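Encoded as C-alpha cells, the following chain is the form predicted alone, with no partner shown.
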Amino acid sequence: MKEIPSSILTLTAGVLITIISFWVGQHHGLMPEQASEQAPLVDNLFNVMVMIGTALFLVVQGAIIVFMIKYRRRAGDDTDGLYIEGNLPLEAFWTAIPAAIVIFLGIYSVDVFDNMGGLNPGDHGMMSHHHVQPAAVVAQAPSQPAIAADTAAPLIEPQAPYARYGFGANPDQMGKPPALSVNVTGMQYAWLFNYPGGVVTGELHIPAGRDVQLNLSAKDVIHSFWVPQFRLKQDALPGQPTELRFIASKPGTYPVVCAELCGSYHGGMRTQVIVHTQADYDQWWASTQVAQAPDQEQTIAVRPSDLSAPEFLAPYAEQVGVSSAALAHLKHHHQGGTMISHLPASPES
C-alpha cells in the first residue's frame, strides 16, 4: 500500500491544529465576566495567547507522541541511532518562529496598554471645581424637608496629585477630565473611598457608563487594588500617588481584592464595588449625603410622643385617603402614656 506523502500529513495536521487552537482560544472559559470597557481589550490579548499556547502545546506534544511510536526501539534492534550533527534550516525555523511570536505579542500588549491609558498616568485634563447636577430626584417622606440642590452627585473634584504610575486617560480621553474622581486609601486591612463633598464609604459606588478615576494611596505598606471583572489591577504605594481610570459597563456588585501580600490578614482585605445605573447612583448619592450631613436634624429619628396626632398620622393618612382637613380636627388624649386619637364622626356615621 502506497504511503501518504509527508507533505499531505503535515498540511492536514497544520489545519487541524489551527482549527483546534482557534476554538480553544475563544471558548476556554478561564476569565470571569466582563464588567468594564477595558475588559475586552485584555480578554482579546489573553485569547490570542491561549490560542498560540494551544497550538505550541499540540505541536510539541504531538511530535513527542509521533516520535515515541514511530521511532520506538524494536525487539532485537541493538543498533545505534542515526548520527546528526546539526540542521541549520531546522534550527533557524525553531528560532525565528518563537521570535516572531514574542515580537508580535509585545507590540500587541503595548497597544492594549496604551488603549487602557497605561502610557498616560497623571493626565487629568482641565480639572475644575464645578459639578454637574443629575436629573434624578430622590423622594422624601412627607415630614422631611427637601434635599438641598448641592446634595446631587458631583461629577468632578479639584485636581488630584500628579500620578506617575497607573492607568490614566486613553488616547481618546486625553485632556478630558473624568466624570467622577474618588480618592482611595489602602491600609491594613481595609479600603476607604473618599468622594468629593466629604463623603467617606467602605465600598466603592460608581455609575455605569461614566469615566471614573481612582486616586490611590497607601497609609502603611504596599497594597494592590484589583477588580477581576474589570481586568484592572493597580498598586497603592505609600508616599507615591497612583491612579486607575476606567469605565464600568455593566451594573452589578463585584469584589475588590488586595492582590499584594500586605500582612498577616492580607486575605481578609476585601470589599466590593457596586456599579449603579445613573438614576440609582444619583439616589444613592443623595441618601448618603443626608446620612453624612453635619446637620443631623435631618437624620436623627424623632420620638412619636413628641409629635402631635396630625403630625404623626400625616404620612399614613395620605396613604389611606384621609384628608388633611380631617386631621386638622383630630382630637386626642393620653391613657397610661399611650396616645389615643379620635377622628370626628362623619355625617354619614
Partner chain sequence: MTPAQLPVNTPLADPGASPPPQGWKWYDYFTFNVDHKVIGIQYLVTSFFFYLIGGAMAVAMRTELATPDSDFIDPTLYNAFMTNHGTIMIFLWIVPSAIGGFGNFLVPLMIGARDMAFPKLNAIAFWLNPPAGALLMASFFFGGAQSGWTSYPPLSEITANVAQSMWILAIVMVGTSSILGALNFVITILFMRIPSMRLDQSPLFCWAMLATSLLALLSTPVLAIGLLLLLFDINFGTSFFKPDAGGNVVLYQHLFWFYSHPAVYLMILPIFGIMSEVFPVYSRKPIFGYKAIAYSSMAICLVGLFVWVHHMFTSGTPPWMRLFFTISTLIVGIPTGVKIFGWVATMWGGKIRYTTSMLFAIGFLTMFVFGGMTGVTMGTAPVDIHVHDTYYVVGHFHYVLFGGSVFGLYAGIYHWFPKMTGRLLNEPLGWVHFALTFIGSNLTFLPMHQLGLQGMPRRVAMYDPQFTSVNQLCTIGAFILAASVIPFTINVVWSWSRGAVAGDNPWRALTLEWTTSSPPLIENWEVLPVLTHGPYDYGLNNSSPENLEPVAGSTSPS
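Residue numbers count along the first chain shown, from 1. So that the term is clear: the rigid core is the largest set of C-alpha atoms that superpose within 1.5 Å between two forms. As the structure is a computational prediction, the values presented were derived from the model and not from experiment.
There is also a form predicted in complex with the partner chain; it is not shown, and the following applies to it.
This chain is displayed alone, yet in the model of the complex one of 228, 177, 197, 251 has a heavy atom within 4.5 Å of the partner chain; that residue is 228. Just one of 202, 106, 171, 209 comes within 4.5 Å of the partner chain in the model of the complex, counting any heavy atom, and that one is 106. Contact with the partner chain in the model of the complex holds for none of 182, 274 and 280, as no heavy atom of theirs lies within 4.5 Å. At a distance threshold of 4.5 angstroms between non-hydrogen atoms, residue 167 is in contact with the partner chain in the model of the complex. Interface membership of residue 82, defined by any non-hydrogen atom within 4.5 Å of the partner chain in the model of the complex, is confirmed. When contacts are judged by a 4.5 Å heavy atom cut-off, residue 286 does not count as touching the partner chain in the model of the complex.
Shown alone here, residue 262 lies within 4.5 Å of the partner chain in the model of the complex, counting heavy atoms only. In the model of the complex, the partner chain lies within 4.5 angstroms of at least one heavy atom of each of the following residues of 74-95: 77, 78, 79, 80, 81, 82, 83, 84, 85, 86, 87, 90, 91, 94, 95, in sequence order. Once the cores line up, the CA of residue 264 ends up less than 2 angstroms apart between this form and the one not shown. Core-aligned CA deviation for residue 88 between this form and the one not shown: less than 2 Å.
Residue displacement note: residue 76 has its CA displaced by at least 2 Å between this form and the one not shown (rigid core superposed).
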